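To begin, one chain is listed below as structure tokens, in the form predicted on its own.
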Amino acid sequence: MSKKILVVGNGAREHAICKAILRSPQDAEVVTISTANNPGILDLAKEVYVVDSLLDFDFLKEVAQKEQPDFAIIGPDDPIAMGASDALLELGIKSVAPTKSLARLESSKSFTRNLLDKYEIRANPDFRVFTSEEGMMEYAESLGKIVVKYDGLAGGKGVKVQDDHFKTIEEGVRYAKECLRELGVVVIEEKLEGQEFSAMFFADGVSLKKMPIIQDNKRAFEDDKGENTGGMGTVSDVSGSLPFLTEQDTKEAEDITFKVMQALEKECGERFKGIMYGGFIATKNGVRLIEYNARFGDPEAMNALCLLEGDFVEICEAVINEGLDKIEVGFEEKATVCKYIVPEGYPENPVKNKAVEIDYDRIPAGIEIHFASVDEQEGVLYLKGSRAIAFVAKADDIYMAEKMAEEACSSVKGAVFHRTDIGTRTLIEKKIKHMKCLRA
């Protein structure tokens, strides 16, 4: 009997999710709710419903009642944080996404820091949650260098780091006070040094199944310079880890996530069913948590899902029905490199509505193309102002995958750019050297 899956979202992550569903050996079809005509999703979905906002839960329920999906997968952070899963549960439709209460893991930085503290999960940096300005400057000065975290969803731009986004403690505290005035709460924490990595897990509230470890390159420009973005590209290795991490690093990330999953049930009275995605940093003193996300990463979903060997539909059903311990979740032993094509001026002042052209004959065999913030009109692709097209290469090592991804990127003509250094030997070896120096 055919299964119908509702996918909420219209980016490259959701394009990858749709592909993974349709690779299932089960007879499955996809319907989606989007805010744009993503050409990749249009090619795959049986039905695409376009809406002005993914936070229009009346529309979500109207589509769900009409289509009666077996389950839903909610891609982006905002609808998860605002209760899309809860809205669907009112109709008896379960989701691969947590409820609004559990989604505070991502949507509230203070909730997560306090959760780890309360349940004695040793992964926090030194931090303090402020609900008034009292003691703010003194605490910030005691840390040496600081990170200021807006206590809500801000598209990755609410976190500001000393030396990257501001120079002095005074500037950082000024930003913290702005956050405080806006939200009534702000987090100030120590700046950590090390290498960041993404550890994503399928979670059913009782058990976890890990995905390959991935590193996102968030800075806009070569050599990790420039503003933070949603992610310019990602790398994973054949080993399932990364060349600059130890086995202990990845084990700590998994142990922390399992304890956090258990703590969430104690704190919220319900089980987390979806994707637990920890942004961690390996430091000289072990692994520390930067933040959790309550959904697949973008670009990380593209690396992980192109390697997935199991039945994605079966895995999703196991997440929903607390059956992950009963199934195998395997990943191909290959390296992957994902590179994003973005509009000129991104992220601060991107060009929009400019045509781009892909020379498909120049794309190496085996490359996966995922469409993101583009619109297709009469066969022509137009930039919509954010990350536009992702190319994912899979090979026997990172450097082979990087060459393939770079060749694919050169196929795109228009007012665009990408980071040519992601996955290169120069950048990877720099990170290996960095960690060796820190650990020494």
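Given the structure is predicted, the values throughout are model-derived calculations rather than measurements. Sequential numbering from 1, following the sequence displayed.
The same protein has a further form, the form predicted in complex with adenosine monophosphate, not shown here; the description that follows concerns it.
Visitor: Looking at heavy atoms inside 4.5 Å, which stretch does adenosine monophosphate contact in the predicted complex, given the options 190 to 198, 327 to 335, 347 to 355, 243 to 251?
Guide: Selected stretch: 190 to 198.
Visitor: Looking at 286, 366, 125, 310 here, can you tell me which has any non-hydrogen atom within 4.5 angstroms of adenosine monophosphate in the predicted complex?
Guide: Checking each option against adenosine monophosphate in the predicted complex, the one that comes within 4.5 Å is 125.
Visitor: Just one of 370, 339, 149, 273 has a heavy atom within 4.5 angstroms of adenosine monophosphate in the predicted complex, so which one?
Guide: Selected option: 149.
Visitor: Taking heavy atoms only, is residue 133 within 4.5 angstroms of adenosine monophosphate in the predicted complex?
Guide: Close contact is absent here: in the predicted complex, residue 133 is far from adenosine monophosphate, nothing within 4.5 Å, heavy atoms only.
Visitor: Heavy atom to heavy atom, is residue 176 within 4.5 Å of adenosine monophosphate in the predicted complex?
Guide: No, residue 176 stays farther than 4.5 Å from adenosine monophosphate in the predicted complex.
Visitor: So in the predicted complex, does any heavy atom of residue 290 sit within 4.5 Å of adenosine monophosphate?
Guide: Residue-level check for residue 290: yes, a contact with adenosine monophosphate.
Visitor: So, in the predicted complex, is residue 180 in contact with adenosine monophosphate at a 4.5 angstroms heavy atom limit?
Guide: Residue 180: no, not in contact with adenosine monophosphate in the predicted complex.
Visitor: Would adenosine monophosphate in the predicted complex be within 4.5 angstroms of a non-hydrogen atom of every residue among 210, 305 and 394?
Guide: Checking in the predicted complex: none of 210, 305 and 394 is within 4.5 Å of adenosine monophosphate.
Visitor: Even though the chain is shown alone, can you say which residues of 222 to 246 have a heavy atom within 4.5 Å of adenosine monophosphate in the predicted complex?
Guide: Sequence-ordered list has one entry, 228.
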